[in-house]
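Shown below, as structure tokens, is a lone chain in the form predicted on its own; questions about how it binds or moves come after it.
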Amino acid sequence: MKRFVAILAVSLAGALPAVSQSLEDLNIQIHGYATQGFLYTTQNNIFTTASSNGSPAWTEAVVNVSSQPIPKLRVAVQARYFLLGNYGNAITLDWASADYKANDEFGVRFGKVKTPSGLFNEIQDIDPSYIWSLLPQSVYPIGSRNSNLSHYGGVVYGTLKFDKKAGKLEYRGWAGEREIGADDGYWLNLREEGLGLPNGLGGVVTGGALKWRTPLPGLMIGASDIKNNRWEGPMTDFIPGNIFKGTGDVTMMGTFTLNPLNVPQYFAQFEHDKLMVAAEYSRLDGQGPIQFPGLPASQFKFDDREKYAMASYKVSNKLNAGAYCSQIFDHTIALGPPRYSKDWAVSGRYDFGQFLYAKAEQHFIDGTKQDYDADLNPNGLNPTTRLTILKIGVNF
């Protein structure tokens, strides 16, 4: 059903013109990029890669095609190949939507659409547009990029202009269905415990966002909120002798339930000349039962406080530099390294030309609430990690 919505959006929009049109009339554009990354860490293997030995297992390629069959309508689709360690290694549909903009005050898009939450969610699929090799992982975890980027449904949007003393207000509202795949990074810890969600998890999602472009040139202040209804899906316990299974060789099937939750985000950004400064705060607070037949329900809970502050500066036409501090704390976990992750990052980007660029980034990470795979760290986790990233990209 969800995929039908995305296909229907593009098909209906393409059928709107009553007469056949040439490719030039349709204003078809094709864009994309490809990147290759290299990761090296001290102490711990990260992002399901063998990074402590140096890992090139980070490849991404994106292609999008858009058309404008009539002046106010744009139809577009984007596909992505992604490999990062044990994540991905598949081609997925990022989004496929029809976008009708009546005027500056009102527009609507539907299909599989980008979810306009937070400061960077709508652009996290466009690597050439920012200097960071990794966006702050507290708010934009790369292992969950596909799940966070888009949803099946619709978005209404527009800009309300006031007088010069009040600035202008951008609004977004959305509803639909979101899915978190079975191999998503959110489930990494569960998989390490022998639990799996074979169909992933998903359900109805609604949300809204406001961005105030203040009278002070370059200053934007905003907030968004996402609400998930009650999500429920089958769960497997596939480790012999695990806590829910007891003993035996037959995988046990149970139910995983995520109770309704809100995800508020507050953010601000200031841009002036060659300088950009931004900050964001989010809270992910959820709970629910895991139920296996004949056994008492097991309750899980998480309460993540996520935040970052960043700054970048355009040193020259070809060179950009920046730094950020990204932090996440789970208030349901006892004091110690598993409770938090504090990541200081220093970044640089060099554009060789219009189509070729390179990025270098150094991370200083304290704490272990990060994408660490227990199977790749059999001797346990060290409380500190130093991560070096080198990345090259081409775009067209």
Partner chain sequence: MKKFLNAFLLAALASIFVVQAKAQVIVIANPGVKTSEVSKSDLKDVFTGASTSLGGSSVVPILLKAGTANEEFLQAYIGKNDAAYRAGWRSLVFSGQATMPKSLDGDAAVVEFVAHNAGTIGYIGKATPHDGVKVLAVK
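Here the structure is a predicted model, which means the values were calculated and not measured. Positions refer to the first chain, counted from 1.
Beyond what is shown, the protein has a form predicted together with the partner chain; the following relates to that form.
Residue-level contacts in the predicted bound form: of Tyr350, Tyr33, Phe329, Phe38, one residue has a heavy atom within 4.5 Å of the partner chain, and it is Tyr33. Contact with the partner chain in the predicted bound form, judged by any heavy atom within 4.5 Å, is made by just one of Arg191, Lys307, Lys227, Arg172: Arg172. Considering the partner chain in the predicted bound form, the lone stretch of 59-67, 39-47, 358-366, 339-347 in range is 59-67 [heavy atom distance within 4.5 Å]. Looking at Asp104, you'd find a heavy atom of it within 4.5 angstroms of the partner chain in the predicted bound form.
Though the partner is left out of this view, Tyr140 does not reach within 4.5 Å of the partner chain in the predicted bound form, counting heavy atoms only.
The partner chain is not shown here, but in the predicted bound form it comes within 4.5 Å of a heavy atom of Lys161. Proximity of Trp95 to the partner chain in the predicted bound form falls within the 4.5 Å heavy atom cutoff. With contact defined as any non-hydrogen atom lying within 4.5 angstroms of the partner chain in the predicted bound form, Asn395 is the only contacting residue in 360-395.
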